[in-house]
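What follows is one chain in structure tokens, specifically the form predicted on its own.
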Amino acid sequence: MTDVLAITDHRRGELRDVSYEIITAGRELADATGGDLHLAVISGTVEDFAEKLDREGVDVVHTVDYGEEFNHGVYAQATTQLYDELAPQYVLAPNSVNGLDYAPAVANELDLPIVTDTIALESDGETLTATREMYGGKVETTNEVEGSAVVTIRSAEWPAAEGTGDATIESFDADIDEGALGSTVSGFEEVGGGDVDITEADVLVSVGRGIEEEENLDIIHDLADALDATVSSSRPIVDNGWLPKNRQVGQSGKVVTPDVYIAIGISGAVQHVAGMKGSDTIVAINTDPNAPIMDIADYAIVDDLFDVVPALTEQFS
């Protein structure tokens, strides 16, 4: 029996969606190895977080009550000490800004191999097979790792764990060497157009190069207002300077998982699809019935967006 340790992610007092997805990924590995799934939540309101993380499949939640926001040194030291205490076969971390900050340091400290940005994981108890994407999602590769490993998982690739569990919640007294932290957290500030967080939106109205001109964005905003939705976009819109970077969905933007994703004038290149394929319901509006976005759409409208969008706005106003 070999255990799995999964590290959760939070920001500004809120657990990130990947924290629930990593439970699913961790449970699958724990079942494969016949071990337990240990979850760790580091810093912040750890007791409150632990109660929310007590989902089906979690055996133990370890809380590390040190600091409020993410700090590289705290996460690296706490994770390393948890590994020494629990001796798990695998350490899972989110493939997020935070996860990619401390996971390599943990792997280096423990002298373990690391596999990043995984989209699928399998184990026979001895060999880990990790699936990754390359060339903008056009090619999938598998990496086999013997023994223990540190692994980061891409968000929106595993479903979020649901239900209420019966996990044991244990406080872990990490021995944090403050002299080795190297930095302190004095506050949190959004950088560059932080007016909205599209990853938190329930409904996204997303626009692509089919909108043709910046002035035409008005009809997109009208539809979003009618639906009480948030406007997002594909990369060309951001590259043109028509919307800020924080509105971009895709491999070089943000990964989103809204209840409804309306893709307007978006062809569906693999880089964009990588950022929104986890949406519950996808609606595509495009004049090209063979556009790649149509292959993943739950509802496809083959028509001119300049006719369809105003009609939808009128319908929902």
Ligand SMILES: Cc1cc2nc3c(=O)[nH]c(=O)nc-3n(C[C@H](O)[C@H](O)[C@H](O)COP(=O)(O)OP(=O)(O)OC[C@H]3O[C@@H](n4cnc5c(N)ncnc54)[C@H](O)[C@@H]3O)c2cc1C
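Predicted, not measured: the structure shown is a model, and the values here were computed from it. Note that residue numbering follows the sequence shown and begins at 1.
What comes next is about the form predicted together with this ligand, which is not displayed.
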{"property": "Full three-residue contact with this ligand in the predicted bound form, heavy atom 4.5 Å, for E122, E144 and V151", "result": "no"}
{"property": "Per-stretch contact check against this ligand in the predicted bound form, the hit in 279-287, 61-69, 38-46, 25-33 (non-hydrogen atom, 4.5 angstroms)", "result": "279-287"}
{"property": "Partner contact for R235 in the predicted bound form: this ligand, 4.5 angstroms, heavy atom", "result": "yes"}
{"property": "4.5 Å heavy atom contact, P94 and this ligand in the predicted bound form", "result": "no"}
{"property": "4.5 Å heavy atom contact, G268 and this ligand in the predicted bound form", "result": "yes"}
{"property": "Proximity of G137 to this ligand in the predicted bound form, heavy atoms at 4.5 Å", "result": "no"}
{"property": "Within 4.5 Å of this ligand in the predicted bound form: residues from 240-273 (heavy atom criterion)", "result": "Q248, V249, G250, Q251, S252, G253, G265, I266, S267, G268, A269, Q271, H272"}
